[in-house]
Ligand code: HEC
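Okay, here we've got a single chain as structure tokens, the form predicted alone, with questions on binding and movement later.
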């Protein structure tokens, strides 16, 4: 019992609150451990709740390619005539002169009038345009086959554009002029020229159809159909009104079919009475016309045809070529 009383006094002496407040260092020692425990507890709580706190906050960065739509590109039609590579490899004075004019139009702005790489457009380029009068460090080379590749395909990393839109004969002309700017241009072997011919199908020529994006084509078709619908509505309204007053129109059994026939006939045929009669002979009902018209005399048929012509002249002369 005495030991317990003595131990209680020792503890009381150790935890002397008056001394704690009178000694800041001792106060800090006790408070530090309390704060440390609180901070660690809050940190553990935050880590435990982190999945819930960040749920739904991550922005989706992967694109859904299935929901994206793409269209075919616009492509110009091509009709490139064949060329004889071996003949075009001969640097005639005519070809060089032609190449000089093409060079001034297409190349001088970057490479300069004399080919020294000092053209006004090349000032801001990095790397600078090639000095064509120098013989070293050409990316593809100075042979005809090398320069054809350069001009046709371009060199993206050096800012050299592609001139694939220029005809092969013009490319050869430009090549011969460029080769004349520097001394001792290397010669192509027979194998080089044969490979050039095969790679770019120069002896075959190229003939391809153009294409336009589907969206653009759809818009054009809709525009054409809208124009046809306007013609159709105008003629149909006029026809229904006049059918009540003109006896000649009794030969029209189906106004809608007849109006469609008239519009298509005007758009696709030379408008004359002979063509009109020949077309409806096969199946007049299909065109909304009674077969009785064909049994009538020539005067009646002519009167019917002339009514159509007058109707078109009055209603859609500005839209239909008569």
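All of these numbers come straight from a predicted model, not from anything done at the bench. Numbering follows the first chain given and starts at 1.
Just so you know, the form predicted in complex with heme C (HEC) exists too; it's not on screen, but the next bit is about it.
Heavy atom contact within 4.5 Å of heme C (HEC) in the predicted bound form, the stretch among 170-178, 188-196, 247-255, 89-97: Stretch 170-178 is the one.
Counting non-hydrogen atoms within 4.5 angstroms of heme C (HEC) in the predicted bound form, say which of 230, 182, 139, 237 makes the cut. Looking at the other structure, the residue within range turns out to be 139.
With heavy atoms only and a cut-off of 4.5 Å, decide whether residue 144 touches heme C (HEC) in the predicted bound form. Flag for residue 144 set to no.
Can any non-hydrogen atom of residue 106 be found within 4.5 angstroms of heme C (HEC) in the predicted bound form? Close contact exists here: in the predicted bound form, residue 106 approaches heme C (HEC) to within 4.5 Å, heavy atoms only.
Classify residue 110 as contacting or not contacting heme C (HEC) in the predicted bound form by the rule of any non-hydrogen atom within 4.5 angstroms, answering yes or no. Yes, residue 110 is a contact residue.
Does heme C (HEC) get within 4.5 angstroms of any non-hydrogen atom of residue 160 in the predicted bound form? Output for residue 160 is yes: heavy atoms within 4.5 Å of heme C (HEC).
Counting only non-hydrogen atoms and a 4.5 Å cut-off, give the residues of 179-198 close to heme C (HEC) in the predicted bound form. Heavy-atom contacts to heme C (HEC) in the predicted bound form: nothing from 179-198.
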